[in-house]
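Okay, so we've got a single protein chain in two different forms coming up as structure tokens, structure 1 first and structure 2 after it.
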Structure 1
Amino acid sequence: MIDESTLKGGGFLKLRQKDRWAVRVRVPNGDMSVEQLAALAALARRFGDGEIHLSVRQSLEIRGVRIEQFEEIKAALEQVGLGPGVCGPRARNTVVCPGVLTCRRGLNNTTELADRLTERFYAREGLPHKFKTAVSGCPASCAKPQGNDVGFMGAVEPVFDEVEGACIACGVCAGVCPTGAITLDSRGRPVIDLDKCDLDGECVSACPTGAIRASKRGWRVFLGGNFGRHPALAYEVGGVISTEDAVEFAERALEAFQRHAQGRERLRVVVDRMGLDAFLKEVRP
């Protein structure tokens, strides 16, 4: 008899229907080929109830599977290039938006960062509790990085080039800024308040002369978000960091979580118990 922990590690979830389980199928970055979709439909007819459920974390589930089919369906998924999702106290799949691949608002390559995070610690065992990550390409937050244990948001930090003649005082930058972070001085030139700026890059894209340019492009960082029983938005960790540093930050946060959690605590509980500054001393790259 396979124990329940092993089943959860293989993406097998007990349903309320007697003797029936759901198989969670991981969908990397939310993308799947039409051939894989067709194969998954065939597997749902063969092993399940003929339906496929889309989870809230970009996974698919075949429901109605019997426990004795565990190994057989895992092998069948592998044959079509698909793998099981995970649940329980493990590092979950990274939820990610398309970013610059297709979205006109995207600021960064979200799938590159998500792939790096997946390669580093997806499905890692031995954690005190679940560990969730998300990557959003811009402040629209479609992937909800503020609601995950560690989240990243694409960011462009603008700077005004004060070289004479670079700015034509058109005021477009102030007009497109959604947060009111840009005002115009007496000469019609922009003044940027970075405390108000959400680093969405709109002013950089809209400037017709390049007088406003990106001084830094990378990721805003969020820590300790949780939409579970005790929901809390994540703390934003200041600064804009590179993809490499983002991967290192997530890894160190996971390791600190493992070291300091007491029992089945979520990461947010650990951070609040230790204090944000103390936790960050162990985590910052």
Structure 2
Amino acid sequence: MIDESTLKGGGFLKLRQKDRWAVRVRVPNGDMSVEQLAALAALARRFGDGEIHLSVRQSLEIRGVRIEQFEEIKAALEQVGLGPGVCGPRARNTVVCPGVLTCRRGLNNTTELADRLTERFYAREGLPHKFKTAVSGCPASCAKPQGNDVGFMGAVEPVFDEVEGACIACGVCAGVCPTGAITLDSRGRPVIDLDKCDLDGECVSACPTGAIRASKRGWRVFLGGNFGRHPALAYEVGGVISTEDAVEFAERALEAFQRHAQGRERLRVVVDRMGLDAFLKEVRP
């Protein structure tokens, strides 16, 4: 017999209805093949109440199943390359936007980073509380990196490449910049103030000639965001880091969270008790 906490770890949630459960299915990066979707529909028809629920964190749930059906459903999911999601005090699925692969605004490869984070600690157990991560391709923040324990946002640092002499002094770069970081000099060429720049890559994308290009492409880092009863936006940690370093940062933040939480606390509570700087010393010594 399976006890309730095992079921919860495997993405089974008790419903209000007597003897009825929901199976949470992880949808990696929010992408599914039509074959997987058809298989899921068949499972929902066979074991569930005939409906599929879309969770707010990119999982799908088959509702109304019975506890005895657990193993059979799990096996059927595995056959099409799917698996149960997680709940409880564990490392949850990474919520991710489409990013640079398809979105015109995307600045970086969100699904690559999300896959790496998943590989590293998805479903890790023994945490003080849930641990949520999100990856957004640009400052539009569709995946809400600021609302997660650790979040990453695609970033591009622009540079005006005068050497190439490509600039046609059109002023489009200054026109698209949402933060007013670009002014035009007397010849109509851009002067970029990086202190004002929010690294959204708009000028790089909009410049018709390529005279402004990306000098750096990476991730902005957010720590300690959460919603729940005490919503708090994350602290931005500063800098633009590589995919490699982003995975390490998330891992170390998770470990520091485990070391310093007193009982059932979210990461934010730990960070605020220790102070952001003290916590960061633990994360990047």
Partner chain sequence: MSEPIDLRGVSCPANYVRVRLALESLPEGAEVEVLLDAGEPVLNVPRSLKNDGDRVLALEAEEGHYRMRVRRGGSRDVW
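Here, residue number means position along structure 1's sequence, counting from 1. Just so we're on the same page, rigid core means the largest C-alpha set that superposes within 1.5 Å between forms. In this text, all values refer to a predicted model and were calculated from it rather than measured experimentally.
Of the two forms shown, structure 2 is the one predicted together with its partner chain. Remark: with the core as the superposition reference, the CA shift of A211 between structure 1 and structure 2 reaches 2 Å or more.
Once the rigid core is used as the reference frame, the Cα position of L127 differs between structure 1 and structure 2 by less than 2 Å. If you fit the rigid core between structure 1 and structure 2, you'll see the Cα of V176 move by less than 2 angstroms.
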